[in-house]
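A lone chain, given as structure tokens: the form predicted alone.
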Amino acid sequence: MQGFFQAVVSQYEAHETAVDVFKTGRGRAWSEHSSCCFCGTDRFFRPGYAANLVQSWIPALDGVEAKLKAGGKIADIGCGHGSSTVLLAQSYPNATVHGFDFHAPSIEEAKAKAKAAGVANVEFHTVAAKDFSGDGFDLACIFDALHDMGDPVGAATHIKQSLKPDGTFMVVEPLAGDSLGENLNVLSAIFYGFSTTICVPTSKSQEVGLALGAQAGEKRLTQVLNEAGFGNVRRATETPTNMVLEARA
């Protein structure tokens, strides 16, 4: 919750910008936010990754855990400060992990985290989700970031092309129902607030600007993945704050 409060403070810090964005409906690039927003976001989600990513999320995917223990190649797209990327590298030392994000300052922070953790099987690149290089990935992941992308269909299409034929795309998104009525609760109120000030404007600042928002719901997210060519999408597991979708060709 300290990360949540820190992210809230970041919006007060940039209050005038937030009001202008809300009034005009213009896009707001990720770089327009206070650095406090990036730190708070990482701090908010990091404990959930530490508690669930290796313990329950990856084991819930079909056959993925065994591949990663034996070796494998992982892409963490929209990796931000790299908390999930470093955790994957630490947990699967035989695998090679690649972190991608379009925000250069976040990538620098991710590199510093990896250096501090002493992991050698991870590398980071400043690049958009539709443009990263490499193929033959056994697992691609996006943690709480697909809905922020301007063109999530394009990103997911590129990810599909980067996977091995039997590769898996794991999409972790904020827990949301498919209708407003299902989202009238305390958690959704928090996510709607961030969706309004951060997620939707960030998407609108990019190409296409689909603006899914933090409360897209499984049905809408599945449509995005289907449009990208993933014919098999299922909810592999969930926590009180997140859903984990498994997408395969």
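None of these values were measured; they are calculated from a predicted model. Residue numbers here begin at 1 and follow the sequence given.
Another form, the form predicted in complex with a small molecule, is not on view; read the next lines as being about it.
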Can you check 78-86, 157-165, 110-118, 91-99 and let me know which stretch has heavy atoms within 4.5 Å of the small molecule in the predicted bound form? 78-86
Wondering, does Trp57 line up within 4.5 Å of the small molecule in the predicted bound form on heavy atoms? no
Evaluate Ala145 for contact with the small molecule in the predicted bound form, applying a 4.5 angstroms cut-off between non-hydrogen atoms, and reply yes or no. yes
Taking any heavy atom pair closer than or equal to 4.5 Å as contact, tell me whether Thr197 reaches the small molecule in the predicted bound form. no
So, Gln206 and the small molecule: in the predicted bound form, are they within 4.5 Å at any heavy atom pair? yes
4.5 Å heavy atom contact with the small molecule in the predicted bound form for all of Lys67, Val171 and Phe230: no
